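The chain that follows stands alone, in the form predicted alone, written as structure tokens.
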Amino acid sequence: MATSPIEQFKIKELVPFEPAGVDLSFTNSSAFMMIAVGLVVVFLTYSMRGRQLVPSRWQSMAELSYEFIANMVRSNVGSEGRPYFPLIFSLFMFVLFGNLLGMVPYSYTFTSQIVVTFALAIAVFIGVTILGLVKHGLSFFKLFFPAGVPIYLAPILVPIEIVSYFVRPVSLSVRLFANMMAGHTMMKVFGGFVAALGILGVAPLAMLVALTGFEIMVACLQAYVFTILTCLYLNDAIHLH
């Protein structure tokens, strides 16, 4: 019997654990998050173990990842963003490996769960907000009324800026979740066509191959988008732009 394309996103309990009625069970989503973290650690440790003057392919990939995020932080936050590089780099690698891990057959895409992406987004939102308040105090609220704007526009502009600010974690999380969920749903649909049509499923198979390549690109792109938006929010908190 063919399964629903949505079935692949179902969270399944692997180790039930409900202390005091609170569900803290270890799930397939939790397992693949741990696998993603483990793969990142293995990749970076293995790649940099030799630190050769002429880098190997793996070392080159690690160094390119490092330089890519370092340039992103430098370009969007400036030199003041340097202390936050480890956080930005870790966030990028976690989302990237989570997205790519979901492309492996029979794996689980935890970034297709809104609860996961929202948790990441709200952590970024709370972090940059606290940073802005600590760094600027009450002057942080100038972010909602940019300098040089006529005062008579305040009743209109301030509510718009406040709403747009608090919508940030929603838009950040939904963008990643929706793209990953939609892509994997389409792949499951075309995969079902291939299985159902058998030898006549050449066209759906070709579409599935093309869609797989496109989804790998989307997986990388969404990790980039999530990270660069985090950098922009960090820049706002630091420079009140």
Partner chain sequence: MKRSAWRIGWSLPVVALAIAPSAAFAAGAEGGLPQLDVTTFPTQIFWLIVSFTVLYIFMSKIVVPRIADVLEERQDRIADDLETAERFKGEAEGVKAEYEQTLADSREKAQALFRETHEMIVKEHAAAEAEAARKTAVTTKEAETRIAKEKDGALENLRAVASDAATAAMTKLTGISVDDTAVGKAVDAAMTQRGA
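Computed from a predicted structure; not experimentally measured. Numbering follows the first chain given and starts at 1.
Not pictured, yet referred to below: the form predicted in complex with the partner chain.
- Taking the partner from elsewhere, residue 90 is found to have a heavy atom lying within 4.5 Å of the partner chain in the model of the complex.
- None of the heavy atoms of residue 174 is located within 4.5 Å of the partner chain in the model of the complex.
- The partner chain in the model of the complex comes within 4.5 Å of no heavy atom belonging to residue 158.
- At the 4.5 Å threshold, heavy atoms of residue 192 stay clear of the partner chain in the model of the complex, well away from it.
- Comment: 81-89 is the region of 126-134, 143-151, 159-167, 81-89 lying near the partner chain in the model of the complex, near meaning a non-hydrogen atom within 4.5 Å.
- For the three marked residues, 9, 24 and 181, a heavy atom of each sits within 4.5 Å of the partner chain in the model of the complex.
- In sequence order, 94, 112, 113, 114, 115, 116, 119 are the residues of 94-119 having a heavy atom within 4.5 Å of the partner chain in the model of the complex; the partner itself is omitted from this view.
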